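Shown next as structure tokens: one chain only, the form predicted alone.
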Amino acid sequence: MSRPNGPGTGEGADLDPSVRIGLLKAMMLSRTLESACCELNPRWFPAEGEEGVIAGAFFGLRDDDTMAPHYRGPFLAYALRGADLSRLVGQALGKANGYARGRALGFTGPAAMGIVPWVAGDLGTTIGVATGCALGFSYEGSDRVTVCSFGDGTTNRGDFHEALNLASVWKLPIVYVCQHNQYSISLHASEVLPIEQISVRASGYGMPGLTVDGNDVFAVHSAVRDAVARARSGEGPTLIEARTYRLGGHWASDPGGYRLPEVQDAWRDKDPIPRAVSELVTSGDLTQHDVDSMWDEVRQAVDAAVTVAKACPDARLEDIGANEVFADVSEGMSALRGERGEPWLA
């Protein structure tokens, strides 16, 4: 694990067993829930293999902190805040019960839970909003923190650089987590990035930058925990690059033929969930029976959520909030029709 300019211990050996078990269960929930969404919606974005970054980044934050998760695997962040699983599945199905009420961008989170919603169809727009949240916390004089995650391709956006520069100049309480899964849709990182490690970009903005093994959930969580503590104490932002791999396609129906099978197989052997299970069983914190019971509990919860979501009605015009965007002009149009003369070009 490389730690250029970075603070903290990072290996996760000092984590309490209850935290380590919680991180494993969070990864199990993420995989099960996101897999169900992929089965239901071929345009959903698989997060398989990236759960170590997702769980490591958002587990254990305070209730008054703000989350701004990546669009790949965000439902775990929402669930950690108490979001109803059936409403999350409803998001993927475009159901009226979803938090987005059937609108586009079904991975948009409930803002009332302290989650930054997506504000546009392109990727990375949450970075600016998340940085704005951190600015608000700074104005409050509070010790609240924002954690924002995004993909490797997003680090080429102009507003990524603008946000990091501003956050560093003003020492804003925010942690930037790059969920580096090697691909920007179908382009490998080597084709779009002129550097080996994204974390080195932090040095250009005078903030700590570190690279961690994204498939080691304990290392990710330890690094984020240390960065959150740093931000909370007024020392400013940190950029964490968590290197992982997207085992699925860009979307559920993407066959992923642009990847070498042997590379994909090698990364599958590094799957963060079996890796964490092995560590916890070896340490004696869990038995295999415990692990099996955890899987059963998670699967039952997701199966129940899918059943409820499927039974919900599809979103109607009134559900998606057309009245919140367009005025009702029917009466005015009727009056105008009565005043019209003959058209110029009959």
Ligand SMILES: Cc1ncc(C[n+]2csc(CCOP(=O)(O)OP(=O)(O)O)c2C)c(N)n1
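Counting begins at 1, following the sequence as shown. None of these values were measured; they are calculated from a predicted model.
Although not depicted, the form predicted in complex with this ligand is the subject of the following passage.
Judged by heavy atoms within 4.5 Å of this ligand in the model of the complex, the contact stretch among the candidates 203-211, 122-130, 255-263, 163-171 is 122-130. A single residue from the set Q91, N181, T146, N215 has any heavy atom within 4.5 angstroms of this ligand in the model of the complex; that residue is N181. Contact with this ligand in the model of the complex, judged by any heavy atom within 4.5 Å, is made by just one of G236, P110, G102, G151: G151.
This ligand in the model of the complex is approached by H70, whose closest heavy atom lies within 4.5 angstroms of it.
The closest heavy atom approach of K270 to this ligand in the model of the complex falls outside 4.5 Å. Contact annotation: R157 falls within 4.5 Å of this ligand in the model of the complex, judged by heavy atom distances. Contact check for I185: a non-hydrogen atom falls within 4.5 Å of this ligand in the model of the complex.
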